[in-house]
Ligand SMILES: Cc1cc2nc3c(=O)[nH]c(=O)nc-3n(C[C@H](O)[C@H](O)[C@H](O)COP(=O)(O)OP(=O)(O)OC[C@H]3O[C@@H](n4cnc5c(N)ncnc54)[C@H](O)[C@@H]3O)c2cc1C
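Just one chain follows, in the form predicted alone, and it is written as structure tokens.
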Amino acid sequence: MNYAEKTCDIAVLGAGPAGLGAAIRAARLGASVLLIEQNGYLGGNMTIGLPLLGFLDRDGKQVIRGLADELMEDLRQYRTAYGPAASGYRYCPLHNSVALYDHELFKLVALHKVLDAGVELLLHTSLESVNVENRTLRSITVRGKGYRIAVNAKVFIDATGDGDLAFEAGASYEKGQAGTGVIQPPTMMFTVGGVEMEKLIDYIAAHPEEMEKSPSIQCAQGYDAEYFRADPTWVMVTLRPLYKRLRAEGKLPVDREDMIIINSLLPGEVHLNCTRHLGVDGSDVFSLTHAEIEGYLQVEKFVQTIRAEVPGFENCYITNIYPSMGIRESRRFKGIRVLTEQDVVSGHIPEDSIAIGSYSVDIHMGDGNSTDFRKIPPYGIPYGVTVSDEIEGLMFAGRCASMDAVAMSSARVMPICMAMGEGAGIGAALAVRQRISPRDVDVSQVRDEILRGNGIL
């Protein structure tokens, strides 16, 4: 075993949307930042075929800019055979807004942003242990490719999604829905080519009942075939009656009520959010292993089914099965503030907000095939949800932050996580500069920096 040591002001674990936001914004304020990632690339869930949701509110007003907007603009500068590598932010009657982008080119854009900010990277590296003394996080040890590396920092930001660092540090957490503990099921994302889009949309036009939603899903008017014809920037949630028939006939290998089709920038290609894995806890390695195996098997059978049953998919073929499971929910940790269901459904925007959320409450039921999908007004995410209430020097960003299960179901989408990460990174950098605890940072200074970075508050 080889040994090494790293010393920095701020260590960020996880280079998904929240971790990127935290690392880049902290480094731009002059902090020395080490960004630690278990994969060999940056982006996390921004690389697995998903669209970006949450830039616009239910009325079509933009509520997120900042770094997420920067990255999308950088992608638009890439010229490809199909045009810019990112779309604009299109209003959607169901999702409020949809933005499409090239997931592979995003890896390049994210890398340039990180390097330009002066962030040091450590890839192919996972957390091994933590050193907590007198409820203060002093250091961590990470491991990769035969190296055990001690990392010393003044502030550690957990952006792992599952809260792996906070868990190892002994911070208290919650999982699942209140009263039941049931966790939203994860999905294995995959992409297929050879899809005849017009044939699919023609089928929807001839069978408008295939766009009907269950009573638990709120959707505005105009989510129909003409909407999909007008602009290719769409996510189609469809085929509920067909799914019901296929389940009754034993032909559908997935326990869910509809098909989520995400259009791609590449002609004839779509990303599919269609597998479902009930009872899976993404923070449990044995449970996650089971889901990954089940995911591959579901993908294989699912493609066989849609070739035979869904117009436009007769000649489709798999082009990509993404390398990591899309986890919707796992651990949420205790901060000095908690974002609650009441906060998000009432549209509460406190004075210490560091980001605005506007995506719907979106709970994929972990004990069945339905979804609780409720439109809500814009709400504020307070700085305190990113600061541990129990362990000094520990912060969170992303879906492991201090939220209840319902609030997290909205705030988990990627632009919101990135905006939250920006606030956490700025707070950490100010704490280091001023030699104070992150809990003692003047949030008005954090907000000023967010606004200077073209954020929206």
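Quick note: we count residues from 1 along the sequence shown, nothing fancier. No experiment lies behind these values; they were computed from the predicted model shown.
The protein also exists as the form predicted in complex with the named molecule; that form is not presented, and the subsequent description refers to it.
A.B. asks: So, in the model of the complex, is residue 419 in contact with the named molecule at a 4.5 angstroms heavy atom limit?
C.D. replies: Flag for residue 419 set to no.
A.B. asks: Quick one: does residue 23 come within 4.5 Å of the named molecule in the model of the complex, counting heavy atoms only?
C.D. replies: Residue 23: no contact with the named molecule in the model of the complex.
A.B. asks: If you check in the model of the complex, is residue 164 within 4.5 Å of the named molecule, heavy atoms only?
C.D. replies: Looking in the model of the complex, residue contacts with the named molecule include residue 164, since a heavy atom lies within 4.5 Å.
A.B. asks: Using the partner position in the model of the complex, report whether residue 32 sits within 4.5 Å of the named molecule, counting heavy atoms only.
C.D. replies: No, residue 32 stays farther than 4.5 Å from the named molecule in the model of the complex.
A.B. asks: Using a 4.5 Å cut on heavy atoms, which of 233, 273, 96, 353 is close to the named molecule in the model of the complex?
C.D. replies: Of 233, 273, 96, 353, the residue with a heavy atom within 4.5 Å of the named molecule in the model of the complex is 273.
A.B. asks: Going by heavy atom distances of 4.5 angstroms or less, which of 27, 431, 63, 50 would be at the interface with the named molecule in the model of the complex?
C.D. replies: If I apply the 4.5 Å criterion carefully, the residue I get is 50.
A.B. asks: Go through 288-296, 305-313, 121-129, 380-388 and give me the stretch that gets within 4.5 Å of the named molecule in the model of the complex, heavy atoms only.
C.D. replies: Going through the listed ranges, the match is 121-129.
A.B. asks: Within 1-33, which residues come within 4.5 Å of the named molecule in the model of the complex, counting heavy atoms only?
C.D. replies: Read in sequence order, the residues that approach the named molecule (within 4.5 Å, in the model of the complex) are 13, 14, 15, 16, 17, 18, 19.
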